[in-house]
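Read the single chain below, which is given as structure tokens and is the form predicted alone.
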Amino acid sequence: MGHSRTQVAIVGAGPSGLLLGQLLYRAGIDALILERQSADHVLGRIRAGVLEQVTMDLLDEAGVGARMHQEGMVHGGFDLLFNGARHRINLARLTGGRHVMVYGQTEMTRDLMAARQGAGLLTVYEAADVTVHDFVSTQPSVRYTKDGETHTVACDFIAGCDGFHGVCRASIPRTVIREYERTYAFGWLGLLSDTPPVHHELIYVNSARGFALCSQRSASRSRYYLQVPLKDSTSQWSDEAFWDELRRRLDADARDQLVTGPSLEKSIAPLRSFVAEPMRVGRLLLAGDAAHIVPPTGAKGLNLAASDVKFLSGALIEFYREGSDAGIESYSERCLRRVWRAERFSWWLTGLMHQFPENGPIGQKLQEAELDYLVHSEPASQALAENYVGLPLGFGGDPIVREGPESN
């Protein structure tokens, strides 16, 4: 059995785990990252890519923002399509010049992996049977198996960045954690294609046939989504059937502009609202999908994970530099205030844009009335825009976390 020690053991090498590791490295804090999948599998995950300013700033702080600024696409607005007509939400005008960046999560992960490898830092991929121990004490540890050998890593803190199905949250006694959850009866059927986007910005569609989203990864790669029953499978949806259904949900101009092609990837993602409280138990601190899930409608999942990491890295840096555990003690409360705001926005936008058959025909008419109000009311449009670009740290009493060092 192998034994080692690190200051922070990070479970999970997705964006939140890698970003936390990079921020700690630049602050001179030792961290080991464990990941049960291979590096290729992690990079193969097709995920969202709408980044808020907080996330962009954090990538810059971590020293990995150069390619994002070079290749990412700045979006100053998006379209809402309902009743067969499109209405633009001008984010830049409504929020005093703020915007979002479209940059795929896969590319963000690749940048973080490259930075970690370039610094010679250890990430253990294909770490099997990961377990976390003694996290309510001052001497927690993590065990895992690699190449048939069991390893024990002693540490000061464990960061649970291992996603909704990970081991960290599951290891917390049910008596000390409460979970809030809502699952939806539909999912998003997503198709990725090497075709130019139908529009230079995103189009969110409310139609009597169901929700649709026209998104993109680059000027030549598109990502489209359709609301489908959760019982559907990708085998039921040929590429031709997907494109035909998307056309039916679009307006005439978008139908004329739509370029179709073979799918590079096709999958159905369920929609779920989920929060676990608290996000810290002893010296185990949860971040990202390990602690909360939002429906993808509001593009908040990756950005919430980034703000968790902002709070968590600041708390750990404060602990090691100043000997203060104030940030650790307040970590859960700080995160959850922001999490619940994002959960509310994602729940609201999901309810506004999707079809709920149980609501009957009146449900569609009420949605259309609310959308009509939304696009013709400046305060309502401003509230949508403000939430979409992301509430800044410091909003409504949120703590402003001290910036880490720009370089090491």
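Start at 1 with the first residue shown and count on from there. The shown structure was predicted, so the numbers you read here are calculated from the model rather than taken from an experiment.
The discussion below concerns the form predicted in complex with a small molecule, not included here.
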Contact flag, Thr260 vs the small molecule in the predicted bound form, heavy atom cut 4.5 Å
no
If you check in the predicted bound form, is Leu285 within 4.5 Å of the small molecule, heavy atoms only?
no
Although the small molecule is absent from this view, report whether Glu35 comes within 4.5 Å of it in the predicted bound form, heavy atoms only.
yes
Considering only heavy atoms, tell me if Lys300 and the small molecule come within 4.5 Å of each other in the predicted bound form.
yes
Only one of 289-297, 89-97, 234-242, 114-122 has residues with a heavy atom within 4.5 Å of the small molecule in the predicted bound form, and that stretch is 289-297
Which one, Ser218, Gln105, Ser141, Asn206, lies within 4.5 Å of the small molecule in the predicted bound form by heavy atoms?
Gln105
Though the small molecule is not shown, can you say which of Arg45, Arg67, Arg344, Lys365 has a heavy atom within 4.5 Å of it in the predicted bound form?
Arg45
Is every one of Ala13, Ser16 and Val130 in contact with the small molecule in the predicted bound form, taking contact as a heavy atom within 4.5 Å?
yes
